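Form predicted alone, single chain, as structure tokens, below.
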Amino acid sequence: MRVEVVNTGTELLLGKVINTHAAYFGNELFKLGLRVQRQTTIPDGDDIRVVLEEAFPRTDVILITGGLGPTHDDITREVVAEMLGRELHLDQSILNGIREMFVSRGLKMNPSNNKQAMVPDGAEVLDNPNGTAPGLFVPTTENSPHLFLLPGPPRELKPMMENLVIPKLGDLLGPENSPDGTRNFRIYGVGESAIAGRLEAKFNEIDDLEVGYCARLGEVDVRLIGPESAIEAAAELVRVAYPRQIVTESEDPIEKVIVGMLRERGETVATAESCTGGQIASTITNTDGSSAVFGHGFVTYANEAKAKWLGVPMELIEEHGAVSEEVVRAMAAGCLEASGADHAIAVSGIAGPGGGTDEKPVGTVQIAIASREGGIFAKRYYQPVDRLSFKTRVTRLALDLLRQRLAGFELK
């Protein structure tokens, strides 16, 4: 079954609102074994007509978001009715529901809202308890695919999609539908090209396997798609090739993995940050349940702060510099002492664009991982990227070093 998505909304094209619908639809439809063949974003207004005229002959299902509101440029239902040769009729039950929603909120209903109760003949109404615009399902005809007209706001769209659209698509696919499985490997410290170069030829020997890669700063996702037997054969190749570098066999971020590992061990972590400015602590605390494993985060950007809060001797900083193994070791040890945590992460580096030297160029960072049982590991790394990317790469690198220690790997 071929599926296309059409997102309407001038604000999407002006960059005022991020279009999250494409990723959401792709993820939800894949669970049914469906792939989005094409996604089109258009402004409000009559462009919807052109897009649908082009899409009708080549697809089986079109999901349209937006254009169901009360304003003059919300014309999705009108254009669809015209193209299908259907009349629009007033659905009194929808109109009553809209009125009740305005009354419950102490607001006066505008006459323009009446158009949201107009329904093309033959269309099925999809209830929207979270907004005034109901969705519509228009079954396929000889000259048109199945059409789903859906509201644009995510808080309205997602419940409708999950409760009404997905079940209906499942019915259209029938009981014989058998979607492919998928498994995701999140790998740190190895580039996309290196993984492909090492494993691509072996992947190609596995029948019915599809492999996808998604590279981000410091990490790569390897997604395996196909029958379970093909996925498991490929998964074993990945496990053998990268036993240390695999963070998780899921899409969970590394911070969720670490919080889970610490909770299972009944241990805690604290942070002492200079160049990342608190980003490591912030990343950890983005995870539900992090309060059970994280209690202290020190942002010691200035040398005086390193001395005052972490007990780093000023003489050590003056002798070796703030970005040095000696200082970052002292930061990690001081963080353990001040926080009482079981593990500590310490970082000190040069984010740039200025401040580098021949000996310590911009992008240099010292990272230390200290544990009450396991001692202190410290190492110098080089991340020559822009300032914000530097902070993200250092954050992920430091977290991955902690993950490796928790997993029992010797740091090196």
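For clarity, a rigid core is taken as the largest C-alpha set superposing within 1.5 Å between two forms. Just so you know, these numbers come straight off a predicted model, no measurement behind them. For every residue, the number given is its place in the sequence shown, counted from 1.
As for the form predicted in complex with another copy of the chain, it is not shown, yet the points below apply to it.
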Task: Option from 28-36, 369-377, 59-67, 342-350 whose residues, in the predicted bound form, bring a heavy atom within 4.5 Å of another copy of the chain - done: 28-36
Open item on the list: Test of understanding: in the predicted bound form, would Y213 fall inside 4.5 Å of another copy of the chain by heavy atoms?
Closed with: yes
Task: Contact of V240 with another copy of the chain in the predicted bound form (heavy atom, 4.5 Å) - done: no
Task: another copy of the chain contact at H296 in the predicted bound form, heavy atom, 4.5 Å - done: yes
Open item on the list: T285 versus another copy of the chain, in the predicted bound form: is there a non-hydrogen atom within 4.5 Å?
Closed with: yes
- [ ] Please pick, from D91, E249, E326, D73, the one residue with any non-hydrogen atom lying within 4.5 angstroms of another copy of the chain in the predicted bound form.
- [x] D73
Open item on the list: Just to be sure I understand the contacts: of E82, D127, E304, D121, which is the one whose heavy atoms reach within 4.5 angstroms of another copy of the chain in the predicted bound form?
Closed with: E304
Task: Residues of stretch 214-229 in contact with another copy of the chain in the predicted bound form (4.5 Å, non-hydrogen atom) - done: I225
- [ ] Could you tell me whether the Cα atom of E53 shifts by at least 2 Å between the shown form and the other one after core superposition?
- [x] yes
- [ ] For R38, decide whether the Cα shift between the shown form and the other one is 2 Å or greater, given a superposition on the rigid core.
- [x] yes
Task: Rigid core fit then T268 CA moved by 2 Å or more between the shown form and the other one - done: no
